[in-house]
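A single chain, nothing else alongside it, follows as C-alpha cells in the form predicted alone.
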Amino acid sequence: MNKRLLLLSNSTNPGELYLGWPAKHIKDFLGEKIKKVLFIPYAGVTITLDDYFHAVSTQFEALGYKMDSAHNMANPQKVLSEYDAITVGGGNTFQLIRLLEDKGLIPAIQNAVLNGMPYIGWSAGSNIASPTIKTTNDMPIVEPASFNAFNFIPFQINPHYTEATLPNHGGESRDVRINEFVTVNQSTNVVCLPEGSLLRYENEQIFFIGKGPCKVFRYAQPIKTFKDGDDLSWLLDEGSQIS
C-alpha cells in the first residue's frame, strides 16, 4: 500500500486568510502532477455546501488545482477514479460520517486511498482518517450507523488540541476527555494536533509538522511530546507503545 495523507488540525488560524497557513504544505504535498481534486464538504452544517465548496475551491484553484465537489454529483463514488486527489473538509464529524455512510463513499474512498490516491483532511476530515471518530470534539447532532471511520492510520487523532481551560468553568479539560478515551481503549494511541500543525504520511513514514508540541496519550504511560519535524513512524505499528 502506498498511502499518502496530509492531516491538518485546522484550516485557518485567527487573523489569517482561509486555508492560509497550510497552503504551502498542500502545494508541496500535491505537487505539479495532480490536476483534479474531489472535495467532500459533508461536514459543513451552518454553511451551505455551495458556499463551503466555493471557499475551498477558490484557494485550491489559486494553487493550480481544479476542484469539484461531491455534493454536486448524483453518484460521486462512481466518478472517484477520475480524480487525482481527495480533500475532506472540517465541520461536524458526526454529520460527515453519516453522509459518507448514506452515500456509500466510505469503501470507495478507502479503496482509492489504499491504492495511492492522495488524501487531505482537516479537523473532522483528519479525525475520520483514524480507526473511529471517538476522539472528535464535536457534538453528536446526528446518529451515524457506526463510529467506524476510514482506518487509514492505526491511531486516533484529536484535532484542535488545546491545554487551555476557562476560568471558573467546571467542565472537563481536553486532557481529561482524552484520558477517559484511553482508559477504556487501552491499546490505542491518541495523537493531539494543536492549531497550525499536521501529520504528513507517505513512503510508510509519518512526520509531525508545525506548531507544537504534539502530545501523544496512551493508557498508563506518561504523555510524550513531539516537536516540528519529529518522526512519528513508530505509531504505524498497530498497538505500539509510546517511544
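Quantities reported herein were computed from a predicted structural model and do not represent experimental measurements. Numbers follow the displayed sequence, beginning with 1.
Same protein, other form: the form predicted together with another copy of the chain, not shown, and the subject of what follows.
Heavy atoms within 4.5 Å of another copy of the chain in the model of the complex belong, among the stretches 184-192, 200-208, 57-65, 27-35, to residues of 184-192.
Remark: residue 137 counts among the residues lining another copy of the chain in the model of the complex, judged by a heavy atom distance of 4.5 Å or less.
Among residues of the shown chain, residue 49 is not one whose heavy atoms approach another copy of the chain to within 4.5 Å in the model of the complex. Contact annotation: residue 158 falls within 4.5 Å of another copy of the chain in the model of the complex, judged by heavy atom distances. The closest heavy atom approach of residue 82 to another copy of the chain in the model of the complex falls outside 4.5 Å. 146 is the sole member of 110, 146, 75, 72 with a non-hydrogen atom lying within 4.5 angstroms of another copy of the chain in the model of the complex. The three marked residues, 53, 106 and 151, fail to reach another copy of the chain in the model of the complex, with no heavy atom of any inside 4.5 Å. Shown here without another copy of the chain, the chain has 91, 92, 94 in 78-94 lying with a heavy atom within 4.5 Å of that partner in the model of the complex.
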